[in-house]
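Heads up, the chain below is alone and in the form predicted on its own; it's given as structure tokens.
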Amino acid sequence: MSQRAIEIIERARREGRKVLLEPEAKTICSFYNVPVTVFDVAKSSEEAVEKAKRIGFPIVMKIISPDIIHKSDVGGVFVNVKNEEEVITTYNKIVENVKQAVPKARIYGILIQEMAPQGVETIVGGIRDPQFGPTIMFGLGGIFVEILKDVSFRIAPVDKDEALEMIQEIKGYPILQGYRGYYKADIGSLVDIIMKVSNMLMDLPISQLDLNPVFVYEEGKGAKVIDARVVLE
């Protein structure tokens, strides 16, 4: 168990929050060696420029607020920000959008995140089921999970063989094998992420965890978590 993860969770609880902020969720993932996008938090436009230069352009910028779950709905997400001037303009625009849409929202800063290359979208998640306990879910992202509900489940802990079975039993598995122009995906990286999510759910007082999307790249090139959401018990 990661003591640093527990400290983040306890701080959120002291503040009366059940949902972790995105940088908190990604930081906990990183403690378990789950591959997340490079990110930092800025509390001014000047700081945003400094951190964007360190991460490298282009970047993604997102609002950080405990009062906003769906960031895109309030104009709180901008992608492909390409230079310092755009960082300043975008920072101010996000703050303005959020204040107009949710006037009482607490703004904790702006997330500055690398813009990862597009990969095959997958989703890895978990819930603490009242009957079965920690349960892990895997599926292809986008339309496959939203409309087709093409997902698989296992009760934690999940070992390497079970994680591979989860991936192989979804209907969309041929896509990960290189079907019709898709590249052969790095299945090993997905297996690794599923096992690490299983460990997180076993270790920590998490009610729900969503890594969505997880971009998986060509075989040998890994995978990367683009967005992470953690709900506490």
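Residue positions are given as counts along the sequence shown, with the first one as 1. None of these values were measured; they are calculated from a predicted model.
Heads up, the form predicted in complex with a small molecule isn't pictured, but that's what we're talking about next.
Note on the interface: of 61-69, 189-197, 41-49, 172-180, the segment with non-hydrogen atoms within 4.5 angstroms of the small molecule in the model of the complex is 61-69. Using a 4.5 Å cutoff between non-hydrogen atoms, residue 226 counts as a contact of the small molecule in the model of the complex. Remark: residue 102 does not count among the residues lining the small molecule in the model of the complex, judged by a heavy atom distance of 4.5 Å or less. The closest heavy atom approach of residue 114 to the small molecule in the model of the complex falls within 4.5 Å.
Interface membership of residue 121, defined by any non-hydrogen atom within 4.5 Å of the small molecule in the model of the complex, is confirmed.
A single residue from the set 148, 77, 107, 137 has any heavy atom within 4.5 angstroms of the small molecule in the model of the complex; that residue is 77.
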